[in-house]
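Single chain ahead, by itself, as structure tokens, in the form predicted on its own.
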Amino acid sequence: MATYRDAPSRPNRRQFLATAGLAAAAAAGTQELAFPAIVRAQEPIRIGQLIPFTGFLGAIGEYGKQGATLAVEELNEKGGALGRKLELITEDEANPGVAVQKARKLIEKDRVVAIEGLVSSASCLAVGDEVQRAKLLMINAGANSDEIRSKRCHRYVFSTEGCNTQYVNAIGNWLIRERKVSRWYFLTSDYAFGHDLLRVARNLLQANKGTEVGSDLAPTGTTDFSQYITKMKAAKPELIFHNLAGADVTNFLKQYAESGMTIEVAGGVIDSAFAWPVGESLRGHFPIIWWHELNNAASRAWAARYVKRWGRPPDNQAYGDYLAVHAIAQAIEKAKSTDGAKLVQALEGHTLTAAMDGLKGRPLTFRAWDHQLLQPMYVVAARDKAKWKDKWDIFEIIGEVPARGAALEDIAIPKAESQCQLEPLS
């Protein structure tokens, strides 16, 4: 029989902890290469969104957030991208200075693989410079200035939103051809977007030998347009062409109708989020990038999913952010990577896939040399309230521009007139 001295000795507490530590270290040594890879594979792919929730553009922000959120939810239901879930991190772009600060936060702290959204052209230009320095993909889903695609274009910046040239070519040529208006009066928002839109509209009017009979710059956030409307009456134009944005559009169109003005009115750009509040006072013709009643099965199906999720129809900004998230996911799948340079290469000349054709029923492609998405616009007219189905039914579609069968290049910035010089990819 074994004596106590012959029995295996039991380690004391210090020995036990030391032995356990060695065992743990040995186990960790066999796994230290595999474990971080597993963690990375399980981490979500983060997409940053900059969209305004404050200021005169603020009403559009919630639509943009809802559109992007729905895109992320639908993509995640199908497995996300590269087998990883997507995560959306949204920040208020507010103004150019704040937008740059938020962009740095998204890049450095949240470690997003791409940024999408933006509405203010001034903010978009500032953030475009920032993402180029960081070599991070950005998709502009709401800013219109031609500068973003021309003299201040960047290799890491793409645009799903249409540029001012696309919008003005769509509505301006229609007005001249169908309404036979040649004497125009301009009312313009006094910031980067408005100035650029005015330039494009003036060029089109001059090219068609029209006459500018008056022009005013209105500060953003203007609430009383009576002084401008008085000047319009005195000038006796055939057309009032506004280059306004945000809540300024709502206020001007309401006051224009209340003043009893009957002169034809149109705009270079319109967001349905700012047209809906005008209600039965709405009148005129406008170009719009997307409308929830497009006669297109995919478009109607998406609008129905949006209504089911959020309880109201999507506006054109919701569409823009939805499209941008899908473009980022397609780039990730195509590149098999989240590296910025590889995502840029994946999108240059990329045609959105059949599963996501921009909800317009025709192929939409990013031009390789300026990163603008080529796509049609829609000329819409304010609908008589007697024909409304509901309070959202404010527009009727007059036509698609360019028409089916015509080249989408027809309304875009011609390469010969562009000042875009993309940086080398590095």
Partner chain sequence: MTPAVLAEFLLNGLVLGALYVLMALGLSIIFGMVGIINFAHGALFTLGAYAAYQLQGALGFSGALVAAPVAVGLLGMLIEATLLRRLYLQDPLQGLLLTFGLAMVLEQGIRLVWGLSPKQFDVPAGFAGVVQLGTLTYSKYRSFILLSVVLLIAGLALFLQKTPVGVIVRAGSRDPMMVRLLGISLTPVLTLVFGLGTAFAALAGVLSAPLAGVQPAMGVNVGTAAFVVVTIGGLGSLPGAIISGLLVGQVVSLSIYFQPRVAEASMYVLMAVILLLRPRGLMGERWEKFD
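Predicted model, so just to flag it, every value in this text is computed and none were measured. Numbering follows the first chain given and starts at 1.
Keep in mind the form predicted together with its partner chain is missing from the figure; the text below concerns it.
In summary, the region of this chain contacting its partner chain in the predicted bound form, judged by heavy atoms within 4.5 Å and restricted to 256-264, 300-308, 338-346, 196-204, corresponds to 256-264.
In the predicted bound form, at least one heavy atom of Ala59 sits within 4.5 Å of its partner chain. A residue is said to contact a partner when one of its heavy atoms sits within 4.5 Å of a partner heavy atom; Lys334 fails this definition for its partner chain in the predicted bound form, lying far away. Its partner chain in the predicted bound form is approached by Pro277, whose closest heavy atom lies within 4.5 angstroms of it. Although the partner is absent from this view, Phe53 contacts its partner chain in the predicted bound form, with a non-hydrogen atom inside 4.5 angstroms. In summary, among the residues Arg283, Arg84, His350, Lys231, the only one with a non-hydrogen atom within 4.5 Å of its partner chain in the predicted bound form is Lys231.
Screening Thr223, Asn208, Thr211, Gln101 for any heavy atom within 4.5 Å of its partner chain in the predicted bound form leaves a single hit, Thr223.
Looking at 193-217, the residues that come within 4.5 Å of its partner chain in the predicted bound form, counting any heavy atom, are His195, Asp216, Leu217.
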